[in-house]
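Laid out below as structure tokens are two forms of one and the same protein chain, each shown alone and named structure 1 and structure 2.
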Structure 1
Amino acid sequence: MAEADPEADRRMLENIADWCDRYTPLVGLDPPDGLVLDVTGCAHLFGGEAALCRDLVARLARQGFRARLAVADTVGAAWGVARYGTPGVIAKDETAAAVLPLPIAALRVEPDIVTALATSGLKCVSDLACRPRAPLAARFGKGLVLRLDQALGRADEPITPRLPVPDAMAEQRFHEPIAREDDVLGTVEHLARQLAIVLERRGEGARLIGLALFRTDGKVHRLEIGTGAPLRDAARVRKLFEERLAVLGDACDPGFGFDMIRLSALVTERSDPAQTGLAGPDHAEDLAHLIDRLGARFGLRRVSRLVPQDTHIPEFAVIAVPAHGICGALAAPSLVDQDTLSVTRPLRLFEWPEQVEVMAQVPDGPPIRFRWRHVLHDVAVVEGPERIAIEWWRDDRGNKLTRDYFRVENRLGMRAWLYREGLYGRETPQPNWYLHGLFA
């Protein structure tokens, strides 16, 4: 007796499904104790379907698992034979002969339906196959008839893969496991060249690339890198995974080595050949490569760019967007280029402007001294004002006071961005002062 742990069982089944990905990328879960693999077009890599079954059962046995396998044209037939029949490979024209002798429970119907059918004297699939369908559906539900048709191949039953099916894929198997990082990266570059041929033929490039490293003990390491622009360059793919592996370190332990490596283009995008100039470097491509490297090290969601907006209000003048989402659209300079004639503003603003105490020679004049965070600063140089009127539709508090911004520098060289909120004597009797940001 042992206490049941369904959550641990689910995780174990998912781990085994990850490992079975070495045979086919189409692996579906059949909880609580089953997997469904679509090996169409994959069996020849292992010497046929029978050899694939022997290899899979032997590898699982070495890991401490007992498995029953059946290969059939339909999911229902394979499911029923694996659990209630003689495991093995069912020939294409022998599906009905293999399914009909099985008990009705092999059709994946509810236990109460099996009991009700047994009470009526129907115990085998053959007892149902020879009876009219309408009475069965009326008494036991359409699900029973559907399961019968699925098992016999009269109705389609697609597999729902646990992982997304890649747009393109290349893999390499090894007779002797490899463990050195240089060997892994060399294999990645080799597989990337194979992917590039397929993608170039389609006129596409990869935007999300996945790497699966299958260890000999059954563990699978999965790595993903995103790209800022469609990518087909094998050398750059290797460089990006080199950056990724450098970040992971011991988290990607090879153990006793990897016996299979798969490189997949999970997301692709149209990539037409570009005419490059004969003089000068391609800055857009260099920037995309930089964003890819930063994304490989820190994650693409941590790499952002500030895009100017059509407003003068500092809080809304720029927005942070994922860098990889717009670097492919660098042909629109209005989105990313800084206007060199615009006024100078801090690169980084405070999340909320901080109120300060200011002394000025005249009430509506520039500051000559201000106190910020309990420290008094004497102003040596001041520029301004830059007057900004708040847009009425952006304010939800009824506060539409005009701002006068000043760029000030104290006697120690610190440069700050101050503003006075409200026009003196017209919008407010006593304007407040705030520090909005600091210059580098």
Structure 2
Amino acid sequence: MAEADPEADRRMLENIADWCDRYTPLVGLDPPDGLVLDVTGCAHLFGGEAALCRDLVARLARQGFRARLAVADTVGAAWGVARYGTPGVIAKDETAAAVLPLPIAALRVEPDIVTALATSGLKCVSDLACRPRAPLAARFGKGLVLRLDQALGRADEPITPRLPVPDAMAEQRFHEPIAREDDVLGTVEHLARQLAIVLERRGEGARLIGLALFRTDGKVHRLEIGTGAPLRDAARVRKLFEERLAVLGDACDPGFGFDMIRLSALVTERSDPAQTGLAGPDHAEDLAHLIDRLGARFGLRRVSRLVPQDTHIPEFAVIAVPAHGICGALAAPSLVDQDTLSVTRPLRLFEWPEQVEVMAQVPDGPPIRFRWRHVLHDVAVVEGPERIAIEWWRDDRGNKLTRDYFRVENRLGMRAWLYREGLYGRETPQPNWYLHGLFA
């Protein structure tokens, strides 16, 4: 006995859906217990629809699941037949014949509608199909007629795929599962070469590449790699996944091996061949690849460029923007440049200003001595104050105190950037002091 756990059931269904991805990229969830697969154009890869069904049922059975399976022209017909009819493949022109004898519940309608219909003596689909539609719709709602049309192929019903359908993909199946990282990476390179042919024909390169590793026991590992520029080069794709696998380590456990590997270009972008100059090697591409590699290893957000912003607040004056996607030609806005050239700013800035004890002759005067990290520093030279008021639209934390910044140099030559938070007497009776940055 076990408590019902709808969440866990759903996760299990999603795992199975992941695994079913091996048959077609178009897999939709049909909670609580169904999956919808669009096998149009895929069945021949498995030796026809009947063979595909046998393969799927057998593999699921090996994992301990019992499945009822129907292949039909419409989602509605397959749904009904799988649950209420004889599972199997329904030939192209036999949809109506297969659906009509089914009970009305097979139409995916609400149970109270089924009961209401039953009390009127309408028990199977054929009873409904021969009635005039208008009274049915008026009495039981438009949903019933729609479901009937969908089952019989008179109305269209799209499948909502769980995962984005890739623009291009390449896959490799193995009779003997592979487990060594070298083999996996070799396959990735091989698949990337196939993918490159498709992408090259379209004049495109991949910006987001997905790798799906199908384990023999049904688990699917999915990795994604983003690139800064459209990419086709197979060796580089391999290198990127090598970095990612190196970081993942045990998280990407091959178990008893992978029996299928799929590489897909999830996002593609136009990529025209560039004319290489005679003047010498151009390193821009090398740099883009280095950024991709570092991004694959540490996460794309960790490789960043510092972009100046139009504000005087020191901690907001520069923000780190992921370098991925920004090319080297990014120029700092000239307006901000002019602003910052005139004032001296520290070389290192603390993310969180550190509170210091400061001694000053008068409460709103410059510091004479300060204690930072338990060490007392005597101020030899001081410059300031430079008054920076917090912009009124940034007071979301109620922090509106004006800051007076001082550049100080101690006896040893260490230079620090201190500020007093709050104007003495006007904004606060007891201003606090902070050390915000250090100069060279």
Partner chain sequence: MGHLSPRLNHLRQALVGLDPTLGPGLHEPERALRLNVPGIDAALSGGLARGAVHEFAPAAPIHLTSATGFAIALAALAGREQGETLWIAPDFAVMESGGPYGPGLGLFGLPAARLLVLRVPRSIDALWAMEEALRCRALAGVIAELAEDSIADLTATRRLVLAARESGGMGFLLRHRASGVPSAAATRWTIAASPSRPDRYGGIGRAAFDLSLVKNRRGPTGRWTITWDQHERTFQTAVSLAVAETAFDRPDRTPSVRTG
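Superpose the two forms; the largest set of C-alphas matching within 1.5 Å is the rigid core. Predicted, not measured: the structure shown is a model, and the values here were computed from it. Every residue number counts along structure 1's sequence, beginning with 1.
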Pair member which, unlike the other, is the form predicted in complex with its partner chain: 2
Val362: Cα shift of 2 Å or greater between structures 1 and 2 (core-aligned): yes
Exceeds or equals 2 Å, Cα of Gly48 between structures 1 and 2, core fit: no
Threshold 2 Å Cα movement between structures 1 and 2 at Pro25, rigid core reference: no
Core-aligned Cα shift of Glu386 between structures 1 and 2, given in Å: 11.1
Val307: CA movement between structures 1 and 2 [superposed on rigid core, Å]: 2.8
Cα shift between structures 1 and 2 at Arg415, which is computed once both forms share a superposed rigid core (Å): 5.4
